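The chain below stands alone and is given as structure tokens, in the form predicted alone.
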Amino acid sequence: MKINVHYSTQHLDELYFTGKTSVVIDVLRATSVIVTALTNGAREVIPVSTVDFAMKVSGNAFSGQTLLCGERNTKKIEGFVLGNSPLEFTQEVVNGRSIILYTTNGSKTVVKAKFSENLFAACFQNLPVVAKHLVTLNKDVEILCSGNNGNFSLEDTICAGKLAAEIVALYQETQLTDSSRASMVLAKSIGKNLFKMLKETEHGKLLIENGFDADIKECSLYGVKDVIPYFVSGSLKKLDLPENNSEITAS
């Protein structure tokens, strides 16, 4: 089992992911939203790579059961029901509904990796359960940092490093690429206080400037959710996790 971390996917073609096991990370805030929405009863999250496609999909959907959600440069897009704050995706709002999600970075990364054999979404909130499942699969793993408009993202890289560390703790014979080793070093050195780290990142500061202080705290919570979003047939759905985790299937 080998772990490889990509600090951005800008240089990768969609077909690169064919047959691979991939994990998308966008801590601030897309994958935190996805995990929260599915935890709170959303039927699915449909990631899209453009606003136009989001509008098209929502136009073809049954409106009462579908919510058009997302952001551009941290702010909710005009005409959308929700933005990209995990605190908006409460059980009262999302339970039983399909979420169409467009974000500046995270949803695009999921779409790019759509040809993966196994494709999951992770954030700090569900990292331990994702690590456990990946060890159960025992396949090479591509961890994809969504980054910030194609640039390096400290918070995503630290999350990737912590995911790699969780896997190594469970399976010590895991092989690590240089990029995964580097992400683990960053996670160990400056990832001890996640709330402090997130506040000091470029994107964290931008969120605070735009009034999303509470999102920083929410996204810093570690291991508080046992939900694994799994991409199947164009959408992310919650995996059913049996008590012994010996069999895991999409619900």
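In this text, residue numbers run from 1 along the sequence as written. This structure is a prediction, so every number in the text was calculated from the model and none was measured.
Although it is not shown, the form predicted together with D-malate is what the next lines describe.
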TODO: Find out whether any non-hydrogen atom of T174 is located within 4.5 angstroms of D-malate in the predicted complex, and reply yes or no.
DONE: no
Heavy atom of S153 within 4.5 Å of D-malate in the predicted complex: no
### Query
Are any of the heavy atoms in L28 no more than 4.5 Å from a heavy atom of D-malate in the predicted complex?
yes
4.5 Å heavy atom contact, T103 to D-malate in the predicted complex: yes
Partner contact check in the predicted complex: of 191-199, 178-186, 49-57, 29-37, the stretch with a heavy atom within 4.5 Å of D-malate is 29-37
Taking D-malate in the predicted complex and a 4.5 Å non-hydrogen atom cutoff, the residues of 65-86 making contact are E71, T74, N84
